[in-house]
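The form predicted on its own is given below as one chain in structure tokens.
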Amino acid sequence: MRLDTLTALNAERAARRPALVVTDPSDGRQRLVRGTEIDADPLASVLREKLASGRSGLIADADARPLFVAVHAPPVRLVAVGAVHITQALAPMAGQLGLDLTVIDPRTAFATPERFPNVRLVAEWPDAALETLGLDAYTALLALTHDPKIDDPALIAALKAECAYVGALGSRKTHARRVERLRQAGFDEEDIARIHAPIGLDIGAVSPAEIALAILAQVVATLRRARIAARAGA
């Protein structure tokens, strides 16, 4: 790879922006396609498909020549707002799934290394914590405290950042009240509909571990929906 291409690719990766490297195997020529440039690319449709799948591989150009596309997408981050029992059960599962977990909770009695060994903890209010951490389209955010003072600012930040997944714990009645608050904050129905609430797949979960499993299953299903759709249409 040419130095200028590698430098540009590293800059995109450092900024957590997706990029693709298109290589012509016949002569080794390469070009970088940033995520923001895909729509203007002559291979736009197929590049979008490769990025959505997250899988590198061969494609064909308009002249049926083979090209290799290397997909460089940021690793998915999992941000759990609430150092609660569900989060404790979720932490080791997230690690096994390769999800980089951060737990945010201003309640220092809950956000402790003893309760969350080997987990990144941020004992701050979500407003401050998320501003520092940053959210993006490769982040899944879970609001798990049942406390609007903690959960609502996190949900607002996640919707504005267009996170890949946004979920909130609580009953339908709790969520109805949450919806009213979000409307008053300026969000429309389409925005609010992006929140998975009650959070998690409906598997009849009762215990913290079962709820954590249901949440992670829904996160994975949401992140993989492009592949699921592709299989369904095959």
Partner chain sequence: MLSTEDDILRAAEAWRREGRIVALATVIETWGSAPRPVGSHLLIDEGGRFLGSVSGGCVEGEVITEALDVIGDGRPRTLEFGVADETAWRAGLSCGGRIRVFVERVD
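Positions refer to the first chain, counted from 1. Remember, it's a predicted structure, so these values are computed and weren't measured experimentally.
Absent from the display: the form predicted in complex with its partner chain. The rest refers to it.
*Mind telling me which stretch in 56 to 64, 41 to 49, 186 to 194, 202 to 210 gets its heavy atoms within 4.5 Å of its partner chain in the model of the complex?*
Comparing against its partner chain in the model of the complex, the contact stretch is 56 to 64.
*Applying a 4.5 Å heavy atom distance criterion, does Arg13 contact its partner chain in the model of the complex?*
Although its partner chain is absent here, Arg13 would touch it in the model of the complex, with heavy atoms inside 4.5 Å.
*Should Ala128 be counted as a contact of its partner chain in the model of the complex, where contact means heavy atoms within 4.5 Å?*
No - in the model of the complex, heavy atoms of Ala128 and its partner chain never come within 4.5 Å of each other.
*Is His85 close enough to its partner chain in the model of the complex to count, meaning some heavy atom within 4.5 Å?*
Judged by the heavy-atom cut-off of 4.5 Å, His85 is well away from its partner chain in the model of the complex.
*asked:* With the partner left out here, check for me: in the model of the complex, does some heavy atom of Arg224 sit within 4.5 Å of its partner chain?
replied: It does: once its partner chain is placed as it appears in the model of the complex, Arg224 has a heavy atom within 4.5 Å of it.
*its partner chain in the model of the complex: within 4.5 Å of a heavy atom of each of Glu37, Leu78 and Ile150?*
Checking in the model of the complex: none of Glu37, Leu78 and Ile150 is within 4.5 Å of its partner chain.
*Pick from His72, Arg120, His146, Arg107: which residue has any heavy atom within 4.5 angstroms of its partner chain in the model of the complex?*
None of the others qualify; the residue that does is His72.
*Counting only heavy atoms, which residues in 1 to 19 are within 4.5 Å of its partner chain in the model of the complex?*
Residues within 4.5 Å: Met1, Arg2, Leu3, Leu6, Thr7, Leu9, Asn10, Arg13.
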